[in-house]
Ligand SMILES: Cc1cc2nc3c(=O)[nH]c(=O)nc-3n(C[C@H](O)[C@H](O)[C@H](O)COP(=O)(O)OP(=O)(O)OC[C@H]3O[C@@H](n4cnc5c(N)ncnc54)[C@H](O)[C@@H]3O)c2cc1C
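The data below hold one chain only, encoded as structure tokens and taken in the form predicted alone.
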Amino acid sequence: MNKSIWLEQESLFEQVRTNINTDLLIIGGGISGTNTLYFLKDSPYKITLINNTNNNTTCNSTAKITYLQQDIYTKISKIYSKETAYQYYKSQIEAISLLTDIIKKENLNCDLEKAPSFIFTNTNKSTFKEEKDFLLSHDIRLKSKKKLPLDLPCYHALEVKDTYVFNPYKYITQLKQKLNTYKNISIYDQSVATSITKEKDQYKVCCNGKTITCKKIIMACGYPFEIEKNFPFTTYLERSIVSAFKYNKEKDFSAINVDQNVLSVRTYKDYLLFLSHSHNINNKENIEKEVKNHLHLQKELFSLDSEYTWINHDIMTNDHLPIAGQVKNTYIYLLTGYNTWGMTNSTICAKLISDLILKKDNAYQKLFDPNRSTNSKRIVNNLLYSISSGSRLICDKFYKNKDFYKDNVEIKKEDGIIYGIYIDQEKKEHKVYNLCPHMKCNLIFNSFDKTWDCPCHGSRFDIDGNVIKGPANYDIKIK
């Protein structure tokens, strides 16, 4: 089944059908937008949240609530310092406390389970020792292990106990239903923001052909649009393949390695979720091949077939820290760039944004600031990411018909316009414009999901040209 184990398709709320006046507008109804709304629920502001689709990054993740995050503390230490890495660690501990407190206080039935987390390696790797040394130097309670709770190749592992797993879809939907009962809150589904303009001290946001007028905007839609022109050159998108299959277990747990080829697992009821083949979307075009390789590895490791298989995208920052705060010279707030650790980072960043709006102090304002100062290592990373993204854009301009395309997919140029054509099983032709509206990259057909995907920044469109994932916010339908 080509869908996430979490995903449901029903819309919970009405779509925007009239003009709206509000104090705060939250764009994005995943865990980032929902948590921000929660932290602002008792504020004096009138708040509107709009959501395009429930097929968002939150519902494609493995949904681990943990501070044991591969070798992230070693990476941050090398870019900044061990003190900065420790501050990030403290943010994750606070995020776990905030998130689990919300679940308990609001009595959310989202399958929250306390579950130990592991990081492991299959090699005698120095990176693993560096991460272990960092954790021990800050008196973080952990156990050294020689094996995992499942049969994966493991040379050395570390375990912590105070971590969790849950169902992110149940969390989001139940919390939004509770929040929608507040008189100052309005929530809308199937509502796409397509443009933002500033008029005096207000913003005008075009949504479903209507206008939402607001004083402040919170961009919780993963990849921001129209405001951060340098954003595509300071971040990149990582694509991973995830599957879920029935698996007998003794206890709940999650684990991820620190090796080059990422392997990640976690339990959910009587299922095991397995993630592999993570890569920069600029570097791999044949998505169907990556899915096949993932499923082959799954069969090799577990001797079991998948019941659910899906694709996940994560925004990765060049310094391994999230981006959250107020955009310079605006009343627009960002929270994004979670580096695959979205459950904790969405929570702590949502708390930060709410504190900024409510004019409260927050310990992580400088750490996650979108305008934080750079250094030589960040500049080098920026350059590398820019070269990768730029080369992808150039290559796709010259080489549009990929050698892995089957006979039912073709890119054509007619009267100076580039089209993408997909012919379905009933021989019906689906023809769309083949340029992404975001930054004019040529789209690649994803035969696994039957979508047109942008290899530069991750926008996705269905076979008829409807946008299903940003940063693009316009369709590629032929009018």
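Here the structure is a predicted model, which means the values were calculated and not measured. In case it trips you up, residue 1 is the first one in the sequence shown, and so on.
If you look for the form predicted together with this ligand, you will not find it shown, but the lines that follow are about it.
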> Just one of N282, N167, T74, S191 has a heavy atom within 4.5 angstroms of this ligand in the predicted bound form, so which one?
Replying inline: S191
>> Can you pick out, from N318, S354, T309, T344, the residue that has a heavy atom within 4.5 Å of this ligand in the predicted bound form?
In response: T344
> With the cut-off set at 4.5 Å between non-hydrogen atoms, does K469 touch this ligand in the predicted bound form?
Replying inline: yes
>> Taking this ligand as it sits in the predicted bound form, is H438 in contact with it (heavy atom to heavy atom, 4.5 Å or less)?
In response: no
>> Whether T163 contacts this ligand in the predicted bound form should be assessed with a 4.5 Å heavy atom distance threshold; does it?
In response: no
> Taking heavy atoms only, is T58 within 4.5 angstroms of this ligand in the predicted bound form?
Replying inline: yes
>> Within 4.5 angstroms, counting heavy atoms, which one of the listed stretches 360-368, 217-225, 138-146, 177-185 is next to this ligand in the predicted bound form?
In response: 217-225
